[in-house]
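We begin with a single chain expressed as structure tokens, specifically the form predicted on its own.
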Amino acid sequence: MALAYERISDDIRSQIDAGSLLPADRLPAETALAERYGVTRMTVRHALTSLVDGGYLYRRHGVGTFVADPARRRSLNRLRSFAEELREAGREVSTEMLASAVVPAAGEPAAELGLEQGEEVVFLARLRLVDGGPAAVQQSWVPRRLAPGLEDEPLLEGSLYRTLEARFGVVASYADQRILAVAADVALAEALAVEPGSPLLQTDRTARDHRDVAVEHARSWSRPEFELVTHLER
């Protein structure tokens, strides 16, 4: 039998899925919801927190709890490409290739990929557009020995992971990821159509295959409206 907070979260989620609750709608106060469902306020808070963690709701401190826009929701629960995340939400994603070249590994990419300094990597830089507007700049480093010729290969549907798997048999199984807030420099501001100094989400990720071999190191900068959400359980 489902717990009380699970029944509440399931009911609210079904209202969101059915369109009874729309993006940006504000939910009733916790006390009102507790009275409606016949439970304590703490139980309601637990239910709402699980929906916030899952990306269905968001909170504004001192204002209330609101329905999140699923079209801007990106999940941290699964390893997927930027394009896959947003296409699943019904968005149109396209890619503009900014750079594609074989370069010597150096610095952080070399260390994260476990390569010797100077070993060849394929460097890709891409501008990701969502519904025609700039959304993210992504840089990727892939060991060239794993994907020789990748620098000349058109990406399948703009997805590096799909191309690595289909063309080279390289499958990213899991990744370690770090997210931080940064200020846009002049180049990023121009690419993403924001003012210099505007806040961006920077994501650093190293993806590995089932043998624990690093197959890609990536750094991306996205406009903050393309939020990242995760679901955590104890």
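Superpose the two forms; the largest set of C-alphas matching within 1.5 Å is the rigid core. The numbering used is simple: start at 1 and walk along the sequence shown. It should be emphasised that the depicted structure is a prediction, and the values quoted were computed from it without experimental measurement.
Absent from the display: the form predicted in complex with the DNA. The rest refers to it.
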property	result
Partner proximity in the model of the complex: D209 to the DNA, non-hydrogen atom cutoff 4.5 Å	no
In the model of the complex, G38 touching the DNA (heavy atom, 4.5 Å)	yes
The DNA contact at R205 in the model of the complex, heavy atom, 4.5 Å	no
Heavy atom of G169 within 4.5 Å of the DNA in the model of the complex	no
Stretch in contact in the model of the complex with the DNA, which is absent here, among 181-189, 195-203, 161-169, 29-37 (heavy atoms within 4.5 Å)	29-37
Members of 35-60 lying within 4.5 angstroms of the DNA, judged by heavy atom, in the model of the complex	G38, V39, T40, R41, M42, T43, R45, H46, R59, R60
Core-aligned CA displacement of L201 at least 2 Å between this form and the one not shown	no
After fitting the core, S9 CA displacement of 2 Å or more between this form and the one not shown	yes
Cα-Cα shift for A183 and L57, closer or farther in the model of the complex, minimum 3 Å	farther
